[in-house]
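Starting off, we have a lone chain in the form predicted alone, written out as structure tokens.
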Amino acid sequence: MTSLTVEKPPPAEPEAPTRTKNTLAKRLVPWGYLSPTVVLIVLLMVVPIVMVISYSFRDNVIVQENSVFAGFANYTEVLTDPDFLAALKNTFIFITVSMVAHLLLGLGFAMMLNSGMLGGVTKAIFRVVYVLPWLFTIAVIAVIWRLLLDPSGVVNYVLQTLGVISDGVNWLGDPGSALWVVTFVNIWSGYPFFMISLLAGLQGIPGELYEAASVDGANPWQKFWNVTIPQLRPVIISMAVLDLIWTSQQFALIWMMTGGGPLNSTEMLSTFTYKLAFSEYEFATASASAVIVLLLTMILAFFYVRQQRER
């Protein structure tokens, strides 16, 4: 009987360092892909914001080589400026009226397009007509409405022909009407986005909910209030908060239509800050104003993010 000798395999080399290297490399790969975006965000967003915040606490910035620390003096000067308070009031009216009108118009048109009262061709035509204002750029919208609202323009001609007014009205030159006119133009240019979003939300509501409401004897108003609105509530809240943020940052439309005038009647926080910086060269107080606007916008953004998390 022969005996077999089994040789023991050589001891395996420790793999811990190699495994650790592989794990570390896998963890670094996503950061490698994200690094260009992170660098751009830091350069284009974080650095300018930090510089503006730094400028807001100093005086004689940019225009002089050696600026001095001023503490909260720039903020005090801005917050006690009557023009800033007027701009704050105008901005509040502008964004509140615009948001409410966007919501009501968007919901009304979306429900009409979602109903069975209109045929397919009619709905297609209405979709094009309703979305049309959304296709124009702000510059085109400002030029068109400036021409329409001219004292010798189409709007005055139509109103005079209908007997509504006797003489031509300078809509954008009258302090009593300028703010409401630019608000109307902003509503006209912005409601299609609400309409499209709410129409998508309406088409996502299950028909079984309306059938169940009909079985319970609900009338159209009860279906709207107890089925449609609760189902659309997440979309409505999201759109409302986003619209508040976007409208508070509206600058081009106001600047191209009125420039903040006449007599500061259409002055917004954005135009007020711009004038401080590039008309009066008060970069320190302009930075303080910009930081205040940033804080107000961050409050709205906080509510938007919290609402999105709750969804």
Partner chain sequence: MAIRKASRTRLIGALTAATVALALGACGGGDSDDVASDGTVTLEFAQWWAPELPDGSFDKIINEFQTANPTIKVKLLSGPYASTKQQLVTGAASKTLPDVVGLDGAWVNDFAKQGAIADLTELMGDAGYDASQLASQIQLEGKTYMIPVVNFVYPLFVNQDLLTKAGVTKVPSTRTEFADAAKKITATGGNVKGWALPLDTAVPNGIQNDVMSWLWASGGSMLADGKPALTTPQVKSVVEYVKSLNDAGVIAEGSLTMKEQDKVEKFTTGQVGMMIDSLAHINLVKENAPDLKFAIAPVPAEDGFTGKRGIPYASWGIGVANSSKHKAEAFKLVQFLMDAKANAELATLANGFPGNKTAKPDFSKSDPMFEEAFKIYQEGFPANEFVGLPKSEDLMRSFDEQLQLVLTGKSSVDDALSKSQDSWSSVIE
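Model, not experiment: these values are computed from the prediction. Positions refer to the first chain, counted from 1.
Missing here is the form predicted together with the partner chain; even so, the following discussion is about that form.
Novice: Verify the flagged residues F94, L209 and T247 against the partner chain in the model of the complex: is each one within 4.5 Å by a non-hydrogen atom?
Specialist: No, the candidate spot makes no contact with the partner chain.
Novice: Of the residues V42, L263, V68, V50, which one places a heavy atom within 4.5 Å of the partner chain in the model of the complex?
Specialist: Looking at V42, L263, V68, V50 one by one, just L263 meets the 4.5 Å heavy-atom criterion.
Novice: With heavy atoms only and a cut-off of 4.5 Å, decide whether S54 touches the partner chain in the model of the complex.
Specialist: Flag for S54 set to no.
Novice: According to a 4.5 angstroms non-hydrogen atom cut-off, is S166 in contact with the partner chain in the model of the complex?
Specialist: It does not: once the partner chain is placed as it appears in the model of the complex, S166 has no heavy atom within 4.5 Å of it.
Novice: Looking at the partner-bound form in the model of the complex, is M195 within 4.5 Å of the partner chain by any heavy atom?
Specialist: It does not: once the partner chain is placed as it appears in the model of the complex, M195 has no heavy atom within 4.5 Å of it.
Novice: Contact between P175 and the partner chain in the model of the complex at 4.5 Å, heavy atoms?
Specialist: It does: once the partner chain is placed as it appears in the model of the complex, P175 has a heavy atom within 4.5 Å of it.
Novice: Using a 4.5 Å cut-off on heavy atoms, which residues of 133 to 156 contact the partner chain in the model of the complex?
Specialist: Stretch hits, in order: R146, D150, P151, S152.
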